[in-house]
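First comes one chain, alone, set out as structure tokens in the form predicted alone.
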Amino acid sequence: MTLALLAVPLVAALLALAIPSNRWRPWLIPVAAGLHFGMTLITVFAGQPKFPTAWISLDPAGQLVLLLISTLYLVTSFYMTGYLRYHAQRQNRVFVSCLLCLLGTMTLITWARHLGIMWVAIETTALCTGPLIFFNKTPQSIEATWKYLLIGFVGIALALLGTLFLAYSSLHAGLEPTLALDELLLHAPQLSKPWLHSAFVLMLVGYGTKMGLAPMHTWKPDAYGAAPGAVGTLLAGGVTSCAFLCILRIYQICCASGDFAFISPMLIFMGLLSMAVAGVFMVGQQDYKRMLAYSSVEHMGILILGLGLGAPALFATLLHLINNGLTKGVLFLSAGNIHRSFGSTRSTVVRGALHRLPVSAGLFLAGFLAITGSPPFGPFISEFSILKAGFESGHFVASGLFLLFLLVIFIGMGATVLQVVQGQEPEDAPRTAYREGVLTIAPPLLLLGLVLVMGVYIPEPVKVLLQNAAVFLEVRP
């Protein structure tokens, strides 16, 4: 099953290169996504993944992220076929191939229990997503692609250096140098502390760059603003989740070594800093796709803050990982529809979207309420649980700042969203040939339904998966 999960998207990518039809090629995406999703369900729920026995195996944390990216990719794949039909005049061979390769590389990250393989896999995601951001071939997309690649490569280089430091921490302690996660966890208390601490800082900065944590977030507004909505969905809900899983690996090793007290203040600081930066740039933001990029910066900060609060917040943090990924899909896909109709991402141009695109604009408004933690949507439950864990663990200042930043972000984001969806269309507002269709409306509608379900009742299999992952990460020396 492991080989099949990795092989299906890669074989589909090769077929995409071979198929000459620009019209039929995009249908490879939902076909591969459907097969991948079916095998994921079998692996995660019906099968019994064995761990830790090899460099490539699936542990509870990997299962959770794999389920998220497979679900998000499946729903987005149908939207993508509708999107590419709208852009039928553009050659999509490279785009479709890279999109399918991205699924394969994200899958490998979830299965990797060797930090070297994990690093190679997440580096490959950058190579896959570069052409996706560049798809529109505008000056903005060219600039965004280069910025994404340059900043991402610097970050991933720091992560590689941190990975080498981690291997040296075992060598310096007189142990056999290794990057196998199981062996590192087994010998974590014996690892050299200075080298382990240096490795953590470098890997936090390096993989934090891929997540888009402040101040390493500067690629996000440009990349998310220039990329198609479906690509933004996979970046904000898929690639960043994989980067977070990479941070979970070094987090687990540090906890096993007894160094949680060392890493906790850094994680809390980075989390709050990301929320603060996001809040500053959201206030008065007139580009609604860049606004979504800063929203992603905010929620990556919430995830890191939850890690910093420790075991009491682990379940809520992992729940928020799921909720954020699904909600970002609602926002990016509906924003993509609005963009295609108005031909602009500026709130000074886009007004009264509810009149022109009632479903897409309604989804965009509902997505805003969900992502800012309004009940009864899923993010409300996870954010409230993180806040509760913060107060219960004695982090009163951090919890107070968390609440303050949430308020600022709600106000700043709400001003832009309401300006886009409400009011009357300007008489000179541009109008394109785009009309709402099933393939571009059903996917965000389905994702919104999932976000609502996660806020009202967490399905028992998903709840068990979350509990298993939280227990698995609670490693102590």
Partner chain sequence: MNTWFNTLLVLVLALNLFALGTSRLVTMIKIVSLQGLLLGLMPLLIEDHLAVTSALASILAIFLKGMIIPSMLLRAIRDVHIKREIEPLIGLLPSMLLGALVTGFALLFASSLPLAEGDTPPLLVPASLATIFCGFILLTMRLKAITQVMGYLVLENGIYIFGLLLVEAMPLVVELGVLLDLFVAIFVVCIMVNHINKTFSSLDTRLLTSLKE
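Positions refer to the first chain, counted from 1. Bear in mind the structure is a predicted one, so any value in this text is a computation, not a measurement.
Beyond what is shown, the protein has a form predicted together with its partner chain; the following relates to that form.
This chain lacks the partner; the member of 95, 260, 83, 195 within 4.5 angstroms of its partner chain in the model of the complex by a non-hydrogen atom is 195. Residue 165 is the only one of 165, 78, 315, 135 with a heavy atom lying within 4.5 Å of its partner chain in the model of the complex. Against its partner chain in the model of the complex, the set 145, 154 and 172 is in full contact: each member has a heavy atom within 4.5 Å. Its partner chain is not drawn, but in the model of the complex it has no heavy atom within 4.5 Å of residue 392. Contact check for residue 150: a heavy atom falls within 4.5 Å of its partner chain in the model of the complex. The closest non-hydrogen atom of residue 376 lies beyond 4.5 Å of its partner chain in the model of the complex.
Although the partner is absent here, residue 207 lies well away from its partner chain in the model of the complex, with no heavy atom inside 4.5 Å.
The stretch from 84-92, 265-273, 175-183, 353-361 that comes within 4.5 Å of its partner chain in the model of the complex, counting heavy atoms only, is 175-183.
In this stretch, 234-249, not one residue has a heavy atom within 4.5 Å of its partner chain in the model of the complex; the partner itself is omitted from this view.
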